[in-house]
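One chain is shown next in structure tokens, namely the form predicted alone.
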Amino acid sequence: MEPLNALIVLLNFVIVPATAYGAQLALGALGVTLIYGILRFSNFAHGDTMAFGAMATILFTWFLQGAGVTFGPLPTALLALPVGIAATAALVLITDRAVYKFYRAQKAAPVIYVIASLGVMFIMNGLVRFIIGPNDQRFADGERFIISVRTFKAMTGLDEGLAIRTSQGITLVVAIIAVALLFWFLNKTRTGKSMRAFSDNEDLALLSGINPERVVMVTWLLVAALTTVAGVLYGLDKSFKPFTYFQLLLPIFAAAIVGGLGNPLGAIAGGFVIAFSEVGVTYAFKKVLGYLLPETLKPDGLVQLLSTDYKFAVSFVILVIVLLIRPTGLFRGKSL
């Protein structure tokens, strides 16, 4: 029974949370990958785009909740998600028209786009804080758990109980659906194939009659959907705070680069690598080892490599190691 209890503790505090977090990072990293692979620049406003999409969804969620509309045991935010995606799509398309289109016409160097995206990042950050405020905002409703600790203990008779939150289950299901739809779109539709062709060879794609502005528009629409979904899922799983999404920029970029910047499969793999690394390195394994080791060898300390305060430092270290050893990432990047 002791090894089973140790496994439940690992599932409860490492595997389940890291899987949900990895799915959220993967969705965010997919957006970074699409922009880099097609528009050829690193978008530093990505985290704040997630914050804006989550904010728009939260505001409409509050409206629905105030009107007495709910989604039963599921979060009402899922009903508000299309509105959040639409608002984010409008924002990124306006931003592209107002900022990035000028630099495309000038055929500016990628570093110019990066600098411009930094300016966009600060504007979006200020906009979100001005509208919804800088503090934590909770908007989750419905059933809190798919399975609770008490229910699990009653079912199994184990000392340790497993809790799976509804937000964690929804994160995994929605992420799988979103990724499946994205890959179907890129590989099976005419527009998706045009985007891949544009990413592989822009000049040849233009000679083939592909409309570059249409490719750019569809790319931003996909990015708006991915960032909003990722931002809402993260907010449901934790809570919504604008500055947190700014901090998420590091693990999201780390996930994209570790997997191979420009490679969608790499973005997904990188998201889970970063998530499991962050959670695993900052988790205290004292309880797990207490179940597995003899009484005389049980540790007195927490058996924790790093404090949770240094969670984002793990992403940075992994990013540096990958850039030094394998700059192309786990998968070869720069292609869709």
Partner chain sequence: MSNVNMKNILLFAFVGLLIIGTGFVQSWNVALTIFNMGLVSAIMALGVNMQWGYAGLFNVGVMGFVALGGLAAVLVSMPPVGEAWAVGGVRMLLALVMGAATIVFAILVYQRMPSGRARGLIVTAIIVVGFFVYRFVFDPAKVSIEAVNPASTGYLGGMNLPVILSWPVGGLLAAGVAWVIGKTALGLRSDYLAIATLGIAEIVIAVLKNEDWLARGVKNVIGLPRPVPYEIDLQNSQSFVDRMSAIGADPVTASSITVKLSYAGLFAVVLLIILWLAQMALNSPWGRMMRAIRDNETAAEAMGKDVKKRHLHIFVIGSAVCGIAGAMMTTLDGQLTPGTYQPLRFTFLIWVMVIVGGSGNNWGAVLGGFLIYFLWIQVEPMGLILMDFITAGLPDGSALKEHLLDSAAHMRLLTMGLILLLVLRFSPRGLIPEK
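Just so it is clear, the model here is predicted, and its values are computed rather than measured. Numbering follows the first chain given and starts at 1.
One more form of this protein, predicted together with its partner chain, exists but is not displayed; see below.
Using a 4.5 angstroms limit between non-hydrogen atoms, residue 247 touches its partner chain in the predicted complex. Within 4.5 Å of any heavy atom of its partner chain in the predicted complex lies no heavy atom of residue 104. At the 4.5 Å threshold, heavy atoms of residue 257 reach its partner chain in the predicted complex. Taking the partner from the other structure, its partner chain in the predicted complex has a heavy atom within 4.5 Å of a heavy atom of residue 319. Comparing 172-180, 139-147, 79-87, 125-133 against its partner chain in the predicted complex, the single stretch with non-hydrogen atoms within 4.5 angstroms of it is 125-133. Residue-level contacts in the predicted complex: of 71, 185, 243, 152, one residue has a heavy atom within 4.5 Å of its partner chain, and it is 243. Of the residues given (158, 112, 218, 91), 112 alone sits with a heavy atom within 4.5 Å of its partner chain in the predicted complex. Scanning 282-306 for heavy atoms within 4.5 Å of its partner chain in the predicted complex gives 304, 305, 306 in sequence order.
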